[in-house]
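Read the single chain below, which is given as structure tokens and is the form predicted on its own.
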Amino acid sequence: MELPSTISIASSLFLPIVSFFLGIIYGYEIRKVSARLQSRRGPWLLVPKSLRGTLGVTRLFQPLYDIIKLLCKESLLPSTSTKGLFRSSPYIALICVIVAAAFTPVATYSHLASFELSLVVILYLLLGVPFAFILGGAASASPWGVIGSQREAELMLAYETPLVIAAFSIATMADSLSVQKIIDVQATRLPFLLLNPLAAVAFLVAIIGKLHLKPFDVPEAEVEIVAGPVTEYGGRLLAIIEIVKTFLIAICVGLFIALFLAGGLVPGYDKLFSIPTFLLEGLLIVLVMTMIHTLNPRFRIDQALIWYVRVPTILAISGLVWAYAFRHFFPAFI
């Protein structure tokens, strides 16, 4: 097994920066599309000329401005909280997403993605994020934080099952746990979105739950439990949590493109063409998730668990069975 070189690892350290700004753009798209679907304006893409002296030309980076504002504020720790765990939980989640971003290809680029177990590494690191939120909420000593952590733990079991099964269905079809190898297999054949749509749908629904978009935002149900696990967070610690969420959406979307859409590669075109293709595919995926988020009411936690068992998990298992059958009966396609 060939390990990435030192230069390759160093060059991959720039990927988290790219992923962060992709997450900012995706966050803006979620806000803007949600607002328009609800007959609101949302953040301006182009600010009216009369306001540009104050607000600038565009508010495309509004999610970034919100994070910067929080970074300038003081973090207050609840007196009854377990302060060490409460303070460290956001940083644990941040480390997980930064390392995961280095392994997740952006427009097919990531030297670390060629590592044979890169898919397993990404899935484990993404699993660390909800664990960190659960610990932080439980350590806050807030009843809303404890209830939110309990809901997060239950929902995590629901969405992680189809997500992992769907991901390994694709690994089975590509005969590799390397994300780069999975992309390369699709580059010479058809994308796995067409070869295994069952796994694709299951994976997409799973990441909607992972991102806490409706109808699966039960851990942070504002009208019920304020903000769930992050209720007692503010200032710089809340900014770290918002940075984690920004990374998380970019990583989830990038992983979906890598596993099911060949990382943005288009057969017959130069690799550079994958950059605009990747961006377009990412925006379309976020558009679909935002429409689901905006047009659906929130599930209760029991409804979410039952629905995940009955629909995405069954789809993911069917996709895994299909993957084994496909490799046996149609090996020429993969």
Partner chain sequence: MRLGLKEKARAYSPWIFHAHAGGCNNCDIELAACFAPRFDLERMGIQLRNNPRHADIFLVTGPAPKQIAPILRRVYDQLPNPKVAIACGSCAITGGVYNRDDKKPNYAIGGPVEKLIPIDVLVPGCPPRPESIIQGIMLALEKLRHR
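Only a predicted model underlies this, so the values are computations on that prediction, with no experimental measurement involved. Numbering follows the first chain given and starts at 1.
Below, we turn to the form predicted together with its partner chain, even though it does not appear here.
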**Asked** Each of S39, Q62 and E232 near its partner chain in the model of the complex, meaning some heavy atom within 4.5 Å?
**Response** yes
**Request:** Only one of V244, L126, A174, L238 comes within 4.5 Å of its partner chain in the model of the complex by heavy atoms, so just point that one out.
**Result:** L238
**Fill in**
Interface check vs its partner chain in the model of the complex: of V288, L272, I68, L280, the one with a heavy atom inside 4.5 Å is I68
**Request:** Answer with yes or no whether K73 is in contact with its partner chain in the model of the complex, where contact means some heavy atom within 4.5 Å.
**Result:** yes
**Message:** Can you tell me whether R300 touches its partner chain? I mean in the model of the complex, with a 4.5 angstroms heavy atom cut-off.
**Reply:** no
**Item:** Proximity of V226 to its partner chain in the model of the complex, heavy atoms at 4.5 Å
**Value:** yes
**Asked** Would L305 sit within 4.5 Å of its partner chain in the model of the complex, counting heavy atoms only?
**Response** no
**Prompt:** Taking its partner chain in the model of the complex, which residues of 45 to 59 have any heavy atom within 4.5 Å of it?
**Reply:** L51, G53, T54, L55, G56, R59
